[in-house]
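As a starting point, one isolated chain is supplied in structure tokens, in the form predicted on its own.
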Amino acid sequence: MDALILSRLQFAVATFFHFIFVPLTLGLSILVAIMETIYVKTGNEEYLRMAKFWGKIFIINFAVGVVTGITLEFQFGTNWARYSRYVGDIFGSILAIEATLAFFLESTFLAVWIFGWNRLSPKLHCLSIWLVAFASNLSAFWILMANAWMQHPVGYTIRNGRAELTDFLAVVTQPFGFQIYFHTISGAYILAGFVVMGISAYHLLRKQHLAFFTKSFRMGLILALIFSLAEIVQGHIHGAEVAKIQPAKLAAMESLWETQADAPQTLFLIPDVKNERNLLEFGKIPGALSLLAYHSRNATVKGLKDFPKEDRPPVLLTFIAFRVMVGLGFLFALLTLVGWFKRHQLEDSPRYLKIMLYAIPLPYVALQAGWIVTEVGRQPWIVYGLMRTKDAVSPIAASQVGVTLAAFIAVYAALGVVAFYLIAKHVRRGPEPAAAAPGLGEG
């Protein structure tokens, strides 16, 4: 394999591993802040214990997310130097804001929260975790806006052989950027809700800490339910935006080969990429794709054959990832709706609890599938319509990238084992007894 393929694999490994931990921190920060707020308002010690129990899981995820995020950003200089030189004036400025504003705020107030138990007043301590939650989600905003610019470059001009920023406001307020942000954040909140529900189900099935984990389950359920339903609506809106600015990605998502007006939505098919057709098509809904993508049955949807082969994204991987993401999205809505009706009888619903326990990995799969659609579906462009991925790689030897790729896999594997061991150990142990619940920076 050449340096391009190896660099893409290395970036994919780093991104996928990083994205295991980041979404959970985004959602858990909100839940932990809500738990502590309820404690401050009511004085109910149960919610204080909940904030501390789930807060430790948040801290482990945050720590691994920071480490993997730093190595991920370094690759723009080591493996993608040509990209950095070409668009660094735009992409670099957004990441600099994220690091100096959002990440600094997040890490500072997380330290205050960890070590501020019994040192700050309850209200000030609660404020610190809300600032952490705000900064975490603000950090995600800047990073996703940088990615959105790669998907839909705006507010720039080409000068002296590189892209230079001309309208910062256009870059950070473009509708497509907000679509990516809300789509990703909703997925992160669904993930956090399912993790809380799944871990709570583990203890409820064993009849342990019933009141504690019943309350935790219901809080995770509410968060996941709201954003599972919102994700379906927002996903449709986001899909229409993709159809407008990245029609080749839409065609790959649906494995649509021929340009059609009144284009159907085919529920089940097998792409035959070699012969530019589909096999075993059935479950066609006439006009549904035109309606969903352009809000008109008479709208024309451009097929893959109308794009040069060198401009088409990998069809099979994009198609499968899209179907996985959408299918799981509807499953999450179904599971949370069922949970809503069972929320007052959780102890008497062992089958549902088992389902929710085993469902913990599914939001992770959905989020990773969504990023495959986003990133693989953009190919062959690293900046859509502006710079091809093959032109962005650093002029380095394949052997060098092969060594660093192997090192990344080894280090990340070890880091993952340690992180999941610590989380599993904490989960199995359960919350501290009510009378002995020390602060996170104590005992």
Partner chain sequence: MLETIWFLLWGILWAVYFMLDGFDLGLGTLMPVLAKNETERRIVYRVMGPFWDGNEVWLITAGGVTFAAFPTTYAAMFSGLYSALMLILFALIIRGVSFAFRDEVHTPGWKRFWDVCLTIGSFLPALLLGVAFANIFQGLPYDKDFVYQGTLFTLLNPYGIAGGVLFVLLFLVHGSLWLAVKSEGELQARAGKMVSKLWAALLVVAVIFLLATRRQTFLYDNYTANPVLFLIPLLAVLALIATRLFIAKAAWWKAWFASSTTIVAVTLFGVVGLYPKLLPSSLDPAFSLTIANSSSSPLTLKIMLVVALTFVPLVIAYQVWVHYLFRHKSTAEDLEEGEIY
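Everything numeric in this text was worked out from a predicted model, so none of it was measured. Numbering follows the first chain given and starts at 1.
This next part talks about the form predicted together with the partner chain, which is not shown.
Across the proposed site, 11, 15 and 175 without exception lack any heavy atom within 4.5 Å of the partner chain in the model of the complex. Checked against the partner chain in the model of the complex, the candidates 349, 260, 166, 265 yield a single residue with a heavy atom inside 4.5 Å, and that residue is 166. Of the listed positions (208, 300, 368, 108), a single one reaches within 4.5 angstroms of the partner chain by any non-hydrogen atom in the model of the complex, namely 108. Annotated contact segment (heavy atom within 4.5 Å of the partner chain in the model of the complex): 82 to 90, selected among 82 to 90, 198 to 206, 211 to 219, 228 to 236. Using a 4.5 Å cutoff between non-hydrogen atoms, residue 97 counts as a contact of the partner chain in the model of the complex. Taking the partner from elsewhere, residue 413 is found to have every heavy atom lying beyond 4.5 Å of the partner chain in the model of the complex. With a 4.5 Å cutoff on heavy atoms, residue 113 counts as touching the partner chain in the model of the complex. In the model of the complex, the partner chain sits within 4.5 Å of a heavy atom belonging to residue 404. Contacts of stretch 399 to 430 with the partner chain in the model of the complex, defined by any heavy atom lying within 4.5 Å, are made by 400, 401, 404, 407, 408, 411, 412, 415, 418, 419, 421, 422, 425, listed in sequence order.
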